[in-house]
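Taking the form predicted alone, here's one chain by itself in C-alpha cells.
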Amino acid sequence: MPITYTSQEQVEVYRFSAPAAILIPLVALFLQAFLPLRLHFFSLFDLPLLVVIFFAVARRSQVSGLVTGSLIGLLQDSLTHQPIGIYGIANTVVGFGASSLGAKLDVENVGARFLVTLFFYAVHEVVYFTVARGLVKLTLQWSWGHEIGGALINAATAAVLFTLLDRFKQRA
C-alpha cells in the first residue's frame, strides 16, 4: 500500500461529464436519505461524503473540492431535520483537504484510498461534531466505538465504490 509523493508534472487531473458530475452526487444523496428508513444499518454509511472525497481527489483542485463539498453538504443538510450548514461546513473542509492531498500524493490504489477515506471520515466527524455542539448547540454524544466502526465501514466501501466510479473519469 505505498502512498507515494508525486511532483506536479506526474499528477493526473481528471474531469467528469456534466451528467456524471450531477447524477452521481444526487444518487448518493437519494440513497443516503431513503435507504436508512428501510434498512437501519445503512445509517452507518455516508455516501455523500464518499462522493465528495472521490471527486476532490480525482479533480485535485482546491476550489473544485470546496465547491463540491459545500454543494453536496448543503443538499445533504436540506434532507435532514437539522439546521442547514452543518454538513455543508464539514464536507467543505473535507473537499478542500482531500483535493489538497490528492494534488500531492498518488491515491489511485485501493490501499491508499482506504487510508485517505479513513482519515477524512475522522476529519468529517470531528468537524461535524464541533460545529453541531459548539456553534449550533445540538445535544450530540460522541461514541468512539461507533465512530471507529463507521470509519472502517466507510473506508472499505470507498475502496470498492471508487473503483466503480473510476469509469466516469475523463483525462483533463
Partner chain sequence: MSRYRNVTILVAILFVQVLGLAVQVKRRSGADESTRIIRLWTVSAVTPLEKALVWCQNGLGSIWNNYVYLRGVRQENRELKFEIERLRLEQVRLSDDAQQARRLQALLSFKETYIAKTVAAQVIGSSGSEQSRSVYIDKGTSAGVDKDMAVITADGLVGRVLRAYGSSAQVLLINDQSSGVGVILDKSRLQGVIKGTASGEVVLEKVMTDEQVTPGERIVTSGGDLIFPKGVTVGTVMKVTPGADLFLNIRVKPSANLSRLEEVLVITKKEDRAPAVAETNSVRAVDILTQRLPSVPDKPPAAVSQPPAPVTPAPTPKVLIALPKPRSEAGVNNSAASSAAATAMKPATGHKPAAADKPASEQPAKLAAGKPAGRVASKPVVAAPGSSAVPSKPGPSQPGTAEDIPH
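Numbering follows the first chain given and starts at 1. If you're wondering where the values come from, they're calculated on a predicted model, not measured in any experiment.
Not pictured, yet referred to below: the form predicted in complex with its partner chain.
Listed residues Val110, Ala33, Ala122, Leu105 were compared with its partner chain in the model of the complex; Ala33 is the one with a heavy atom within 4.5 Å.
Taken together, the three residues His40, Ser43 and Ile86 all come within 4.5 Å of its partner chain in the model of the complex, as judged by their closest heavy atom. Proximity of Tyr128 to its partner chain in the model of the complex falls within the 4.5 Å heavy atom cutoff. In the model of the complex, no heavy atom of Leu118 sits within 4.5 Å of its partner chain. Looking at Leu101, you'd find every heavy atom of it more than 4.5 angstroms from its partner chain in the model of the complex.
Heavy atoms closer than or equal to 4.5 Å to its partner chain in the model of the complex belong, across 48-81, to the residues Gln62, Val63, Leu66, Val67, Ser70, Leu74, Leu75, Asp77, Ser78, Leu79, Thr80, His81, ordered by sequence position.
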